[in-house]
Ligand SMILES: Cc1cc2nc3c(=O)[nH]c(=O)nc-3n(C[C@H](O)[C@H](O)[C@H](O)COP(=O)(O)O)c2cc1C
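The chain below stands alone, shown as structure tokens; this is the form predicted on its own.
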């Protein structure tokens, strides 16, 4: 019975971008945040931190910078960060120093943060709230670093809005399971599978999925710009990469 309820939470997931003004009760918020704290973390290093942005002016500024109004409208907004700063402080407190580990730990920090945030998202949805992950944080990462006072060896990865939904969007499609799971070794894709992937993923909007892939990951797409900026921001934040 419990497994069925958990599966229903997963299968009914959708991103919510319109919220009612209702606040989240403290008890529910405590459970949601505790769910993140209990998430797995590589080698018990806890390589993430989340900034709960309560200040309405800061919220408005971030929403404006990245062009996503729901960041302002949602009851809660968190910015999840890769965090090697706390680890550095813990080592120094006991007379040790952080090794030449930034590249490896940055990877695991992103994993840790994603797992913690997903725990929060699932718990929030189980409690009846809506959520939306905000990758657009990367469109203004430099400004957000300053706005949130992020120290060296930290970096904003993504945001998470949580609140009472004011919309009920359709569930978006996902790639066929056969394209996501491989057995024993990576299996290449046939033309028929690639065609089916485009058919499935285009079914939500009726428009060719290629336009989204191209806009983000194709030549001249959004991620080309991010690919240039992120290394410079990481260097500014004191990462040794």
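Keep in mind the model is a prediction, meaning the values are calculated, not measured. Residue numbers count along the first chain shown, from 1.
There is also a form predicted in complex with this ligand; it is not shown, and the following applies to it.
**Student:** Judged by heavy atoms and a 4.5 Å cut-off, are 100, 154 and 238 together in contact with this ligand in the predicted bound form?
**Tutor:** Verified in the predicted bound form; spot residues all out of contact, no.
**Student:** So which stretch, 168 to 176, 25 to 33, 189 to 197, 42 to 50, is the one near this ligand in the predicted bound form (non-hydrogen atoms, 4.5 Å)?
**Tutor:** It is 168 to 176 that comes within 4.5 Å of the partner.
**Student:** Would you mind picking the one in 144, 113, 120, 134 that has a heavy atom within 4.5 Å of this ligand in the predicted bound form?
**Tutor:** Of 144, 113, 120, 134, the residue with a heavy atom within 4.5 Å of this ligand in the predicted bound form is 134.
**Student:** At 4.5 Å between heavy atoms, is residue 18 in contact with this ligand in the predicted bound form?
**Tutor:** Close contact is absent here: in the predicted bound form, residue 18 is far from this ligand, nothing within 4.5 Å, heavy atoms only.
**Student:** Pick out the residues of 90 to 129 whose heavy atoms come within 4.5 Å of this ligand in the predicted bound form.
**Tutor:** Going through 90 to 129 in order - heavy atoms within 4.5 Å of this ligand in the predicted bound form - there are no hits.
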